[in-house]
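Have a look below at one chain only, the form predicted on its own, in structure tokens format.
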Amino acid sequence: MSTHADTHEHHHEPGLQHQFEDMKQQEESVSIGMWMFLVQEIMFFGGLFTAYLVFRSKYPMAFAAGSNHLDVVMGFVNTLVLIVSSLTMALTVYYAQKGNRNMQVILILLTMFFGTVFLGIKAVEYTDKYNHGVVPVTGLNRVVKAPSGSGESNLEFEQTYAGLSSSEPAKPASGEHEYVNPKGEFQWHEFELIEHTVKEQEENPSAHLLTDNEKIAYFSNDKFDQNKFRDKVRIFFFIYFVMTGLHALHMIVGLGLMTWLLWKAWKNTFSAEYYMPVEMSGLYWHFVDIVWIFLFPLLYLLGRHFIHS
């Protein structure tokens, strides 16, 4: 009779799935599965980081120009938001282990709030890139037609490399480029820094201001070619949108996990005996946060010193 009772109790451990013998085996299996998933995610993002590093080493000036166009303040705020969300996620695991239902619910809601704030700021950044015509895919930028019978436009002007944040409205000034883009093509008109660097390189050939690849890639018939430089800046924005877009997609998946956890926590599912889903979801959330910790300096910070050169 005692054996029957033990078996009956064994099959009714909280959260134990029928394919596992006991909770220890289930926890080990789930943990191994999650770490294998995270390893393949690291390999996936590792390929993107490698592509970034290869192209940046070939065209550092073009990548610096693109990086300086990004809004570092928004990137920094998003970094802080994700760091705080990692804290709330870690506390969620702690209170799940303690079986504190109310704190679990509150902290999951806070984690979801911070994740939503991150995506909201990223949407603002993407909208800014759309308005300034730096989305690297033709047709995905804001279409602006030139006024008929006039070469002037009363719409916003494309900002120059005057040190303005890309999120600020561009102001018309003498010599600035009017934003006219009837086909929604990739636009780039910030050549002041690179032209100054090219001039210095020509005056001092022994200086290493441009890489060997740049000395070829930016020139046509030994003269600086704005179109060729624009193409290299476009590579930066391709990588920017792919990496940040995939990261945002992972964040959306994370919010889906948080929604499921919220429902389970509300039902008081998790306790000291069963909290593995919270812990595994936390690992995923921390991974997404760590990826951004690498994306922020690579995309937003490297090359910003050129603005003061």
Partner chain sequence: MENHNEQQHEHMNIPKYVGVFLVLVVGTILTYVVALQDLDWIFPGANTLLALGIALTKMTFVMLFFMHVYWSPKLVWLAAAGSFFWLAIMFAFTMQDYLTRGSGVFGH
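Just so it is clear, the structure is predicted and the values come from calculations on it, not from any experiment. Numbering follows the first chain given and starts at 1.
Heads up, the form predicted together with the partner chain isn't pictured, but that's what we're talking about next.
Contact annotation: F49 falls within 4.5 Å of the partner chain in the model of the complex, judged by heavy atom distances.
For the chain shown alone, I252 is not a contact residue for the partner chain in the model of the complex, no non-hydrogen atom being within 4.5 angstroms.
The partner chain in the model of the complex comes within 4.5 Å of no heavy atom belonging to N102. Within 4.5 Å of any heavy atom of the partner chain in the model of the complex lies no heavy atom of I121. Comment: the partner chain is not present in this chain, but in the model of the complex one of L193, L109, V117, L80 has a heavy atom within 4.5 Å of it, namely L80. In sequence order, L38, V39, I42, M43, G46, G47, F49, T50, L53, V54, R56, S57, K58 are the residues of 37-62 having a heavy atom within 4.5 Å of the partner chain in the model of the complex; the partner itself is omitted from this view.
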